[in-house]
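Have a look below at one chain only, the form predicted on its own, in structure tokens format.
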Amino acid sequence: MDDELAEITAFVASIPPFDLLSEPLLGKVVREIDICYLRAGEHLSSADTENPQLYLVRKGALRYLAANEELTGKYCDGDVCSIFCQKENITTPPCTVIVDEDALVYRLDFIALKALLIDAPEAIEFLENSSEQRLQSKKKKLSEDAIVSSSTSHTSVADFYHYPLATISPSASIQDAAIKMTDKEVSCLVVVDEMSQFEPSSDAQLGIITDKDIRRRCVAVGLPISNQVSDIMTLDVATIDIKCSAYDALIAMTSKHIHHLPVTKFGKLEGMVSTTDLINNEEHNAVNMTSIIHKASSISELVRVSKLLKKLQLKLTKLGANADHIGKSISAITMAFTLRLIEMAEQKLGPAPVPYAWLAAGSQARQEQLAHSDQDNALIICDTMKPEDDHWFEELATFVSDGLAECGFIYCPGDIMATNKKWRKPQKKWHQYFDLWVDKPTAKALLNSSVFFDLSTIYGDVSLLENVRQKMLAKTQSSTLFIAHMSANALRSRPPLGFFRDFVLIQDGKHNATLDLKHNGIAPIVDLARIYALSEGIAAVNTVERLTQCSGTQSLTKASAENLIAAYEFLTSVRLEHQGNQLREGQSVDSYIDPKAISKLEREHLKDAFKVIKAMQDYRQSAVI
């Protein structure tokens, strides 16, 4: 091989997707190259649609314009101009490519190239697909990998619940219940109406009795075992639909402090799932951790458990769990820490003077939290509270926030915590807050909006938040001024993608020459999803759920929703992999990634993701204008 051919081969081998090819196949591709020298101002076109051309830019610059003559982007050294080869553009070329600077390019006949790459379908797919299509393909692969290593997020309740359901009449004796549990080797019975025992329905369910109920409410207090089951059964029992995931069962049990959950199918009682079932099913031990947390008797015990969080995140990442699964698992564990601390606080302080709701905000509320994020929390208190009642809630907030801090969840730098009296208010004040933020969207109001429009109830009276949320969504849905200001504020964080040299990197300080995946990649998608949801009056706060529920609405087309979800899942997977490497090295985790630290193909996918975000931001900006 002469020097010039070797140099060309080395160059082509450095560019995705040609870096995937074997050496012999790469050599064949290089022999098909035509070397072209182009003058500034020349046009490249695909007028001959039966003979599309592929261009590799060795030196110089090309720019391409959309059908409306709008500048779409640029190609420079090392870029592949495959715009004329993409399936959707073969018959109707959407753009014009113009030589911006004198250029040296390598041209390939795409039909001949496809014939050469017949045994490398992934390379053809890369060249034929648009940025959006490549992201969708990557998302599919991530989903397939996650399914292989799936756990609670992907396992259906139907895969491990107990059937048939063990039931008993409310008039049966406690002794009868104990005998039936022993005979059937179960630890609980659903109490149903006598007439419905052979075909129980959810309407027939009266309560539940567990072995723990017999110990605590009968034996421990000396109640005769001849008494009726109805004397010790638990009323108002939650249920879960058979189509739900094991994760949904975990969240329901964690939030309600229960260990048994009746399963329904088409509205009828079908079976039972227990925490033991979840523990046996949960290979990554997230359920075990929540169980240990619930049993902790001191903050020092909670601190010891909290040190396992980073190990859990690393383990989940190693096993291929996707970002949605990891975020929900970590969020569920953080919820367990919070619940246990609230219980400890109430044991110390006594019962609350009035009903209240402890709220999580930000990533925890969205169920997108990673190990040891900072705290974002608040309190909504019943309007019947008296001024002197605030002392109790202040002590509660201090106890819980200090406990979370000891467990590694640092205090919020912006003081968005229940310890701040501003975020510890009765329900009527929260109504006023949201009215003010929506009606007068100042810079400070928009900052608060980015946090407090993502709220979920961790403990207490869920109706307190739901009432506020319903009224707030009714306002945001009809407030074009607020949505416009929210959009303008969200568009300030742009993806780090320049027209030249691929990425715009941070150029100073500790994170020099890196990309900030969180603030310039993931956060813009979170912001867009929030805006779409508020525009449509959708109550969901999880980013993927928001995009999914907004899909096909006036705010967001189905295709755009799919593209944003694909970009979000890819960026979060890269972030998790990066943090996994830091955890293995014993370093503090962050979201700053060196593009040189990932493969060339992954860098191309990063560019694809950033292009999707930029396109959606540009569209949103034009809609606002």
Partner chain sequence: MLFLNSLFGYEARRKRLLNKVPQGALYDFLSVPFPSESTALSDLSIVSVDFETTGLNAATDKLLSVGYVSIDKLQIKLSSCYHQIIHIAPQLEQQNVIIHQITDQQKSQGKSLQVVVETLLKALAGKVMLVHYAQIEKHFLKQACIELYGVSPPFMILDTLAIEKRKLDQRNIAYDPQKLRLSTLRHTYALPNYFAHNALNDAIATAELFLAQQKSYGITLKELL
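Just so we're on the same page, rigid core means the largest C-alpha set that superposes within 1.5 Å between forms. Model, not experiment: these values are computed from the prediction. Numbering follows the first chain given and starts at 1.
Keep in mind that the form predicted together with the partner chain is missing from the display, and what follows is about it.
- Residue contact check for K59: one or more of its heavy atoms lie within 4.5 Å of the partner chain in the model of the complex.
- For A561, no non-hydrogen atom is located within 4.5 Å of the partner chain in the model of the complex, even though that partner is not displayed.
- Contact annotation for A172: none of its heavy atoms lies within 4.5 Å of the partner chain in the model of the complex.
- In the model of the complex, R31 approaches the partner chain with a heavy atom inside 4.5 Å.
- Comparing 32-40, 553-561, 569-577, 583-591 against the partner chain in the model of the complex, the single stretch with non-hydrogen atoms within 4.5 angstroms of it is 32-40.
- Of the residues K518, R107, K180, K268, just one reaches the partner chain in the model of the complex with a heavy atom at 4.5 Å or closer; this is R107.
- Residues of 584-603 are not found to place any heavy atom within 4.5 Å of the partner chain in the model of the complex.
- Relative to the superposed rigid core, A559 undergoes a CA displacement smaller than 2 Å between this form and the one not shown.
- Positional change of R39 between this form and the one not shown reaches 2 Å or more at the C-alpha, relative to the superposed core.
- Once the cores line up, the CA of D77 ends up 2 angstroms or more apart between this form and the one not shown.
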